[in-house]
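Let's start with one chain on its own, the form predicted on its own, as C-alpha cells.
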C-alpha cells in the first residue's frame, strides 16, 4: 500500500554480438548504471495525463485541486515526488481507504516521446462507517463509539456522531465538517453536543448543552481558529459534603462567547518531541453576543525542545493565563484556571493548588506554570530499534502558582501575588509514548513550597494524557 510504481522509460538491450568483452569494455560497463541513472533523473519529461480510477461519488473539481501539481513536474524524480505528495493529500481528505500510484509512458495517438501518464488507483470509503476506540485525556480514559457519513456531497464533507463514556466525563455530539476545495487547512464545522463532567477536586458536576461553529485557516506559518459557542450550563454539587462556596455556584447559566486561537507548531511530534517549538495563544470574550456570563480570558502556552548528545532531549515549557470578569458578577468556578497534578505541577494532587473552601478547590483567575525536562534513552538501551524506543527516562523541575486577583489593587499587586508562595517540585521517572496519541508517565516526585490547603502526592505518581507541562 502506498507504493509509487514507475516503469522504465528506455529499456536497455539484453543481448549483444560479443559475449566475451575485453577489459576496456568491462570498465565501460561498470560506469554505465550511474550514467543511465543520471540520465533518467535529469531527463526532461512531460506529464500528459493524470487518471484517477475508482471514483464514484467524489466530484472532479475537488480532485483537480489535489493532483494539479503533478503536471508541473519536469523530470522523473519530480514526477515521483509530486505524485507521492498528491497521494498524501488525497488520503488526508479522509474519503479514500487506499490510494496507489502508477507512473507509465504516455499511451495513445497524441503520446509524446517524453510523455508520461500518472494513474491513481483509489478505493472510496463506504457511505456509512463506524468506529470503536479508547481515548486518553488528561489523567482520564474513555470509550468512544462513532458513526460517520464521509464524503457526503462529494467534496470531502462529513457528518459525525460520537458517543464517549469516560471515567470523569460522558458526552455525545453531532458535527458537520466541510473543507475548502484545494486547501484542506481551511475548513468550517458546526457542532451540537451535550457533555456531563464530574470534578471531584471541586465536588462539582457540570452539564453543558451547546452549539458551536468554528472556522480554521492558515496564515503564513501560523494556524488560526475562530469559534463561536453558545452553551447552557448546569452546575450542581457532586456530593452532600460539598462546601458552601460550591453550592453557591450551583444553578443554570447561559454563556455565549467568541474565541480566537493562534498556533505555531514546528515540533516533530506533539506527544514527545525531540526538536522544535510550540506557541499557542488563546483569547475568549464572553457576554458581548448574549448570555449572562461576562469575561475576558487569555491563555498562553510556550514550549521549546532541542536535541543533545546521546539521543537526549532538553525541553522547557511555560504556561500562563488571566481571567478578567466584566460586569458586576464574579467569575464562575466553571471558567477559572486549575493547576496541579501529574500533567502540570507534578507532586501535587489533581488540580489541588490555590484557593479552596472546606477541601473543595475553586480555581483561580490568574496562573503561571513552568517546567524544565531532560529526557534520555533507557539505561543500556534495552529493546533498541523496537519496543524499547517508546520509553524514555525523565528528569524534571516544575513550578507554578494560582490565585484570585483583586482588580482594584493594580497590575503590580497582581504580579506580586503570583510571585508569592510558589509551589515547585522535582523528580525523575519513566515516560511511555503511545504512538502519536498520548503518553504515560510514572514519576517519583518531591513536592516543595507546599502551602496550607494544598494536597500533595509525595512519592510515586502516575499520569496519562496528551498535554503535559
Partner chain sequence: MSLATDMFVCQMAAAEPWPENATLYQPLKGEQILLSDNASCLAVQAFLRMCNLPVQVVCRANAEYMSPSGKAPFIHVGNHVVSELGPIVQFAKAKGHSLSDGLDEIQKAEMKAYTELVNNMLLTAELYVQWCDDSTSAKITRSRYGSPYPWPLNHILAYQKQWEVRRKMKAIGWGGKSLKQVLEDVDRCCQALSQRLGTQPYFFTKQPTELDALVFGHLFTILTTQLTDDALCEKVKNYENLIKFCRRIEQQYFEEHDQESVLSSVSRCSRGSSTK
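Residue numbers count along the first chain shown, from 1. Just so you know, these numbers come straight off a predicted model, no measurement behind them.
What comes next is about the form predicted together with the partner chain, which is not displayed.
Heavy atoms within 4.5 Å of the partner chain in the predicted bound form are found in one stretch of 270-278, 120-128, 221-229, 240-248, which is 240-248. Remark: residue 253 counts among the residues lining the partner chain in the predicted bound form, judged by a heavy atom distance of 4.5 Å or less. At a distance threshold of 4.5 angstroms between non-hydrogen atoms, residue 85 is out of contact with the partner chain in the predicted bound form. Not displayed here, the partner chain is kept clear of residue 166 by more than 4.5 Å at the level of heavy atoms in the predicted bound form. Residue contact with the partner chain in the predicted bound form: residue 287 places no heavy atom within 4.5 Å of it.
With the partner omitted here, the residue from 181, 291, 150, 370 that has a non-hydrogen atom within 4.5 angstroms of the partner chain in the predicted bound form is 291.
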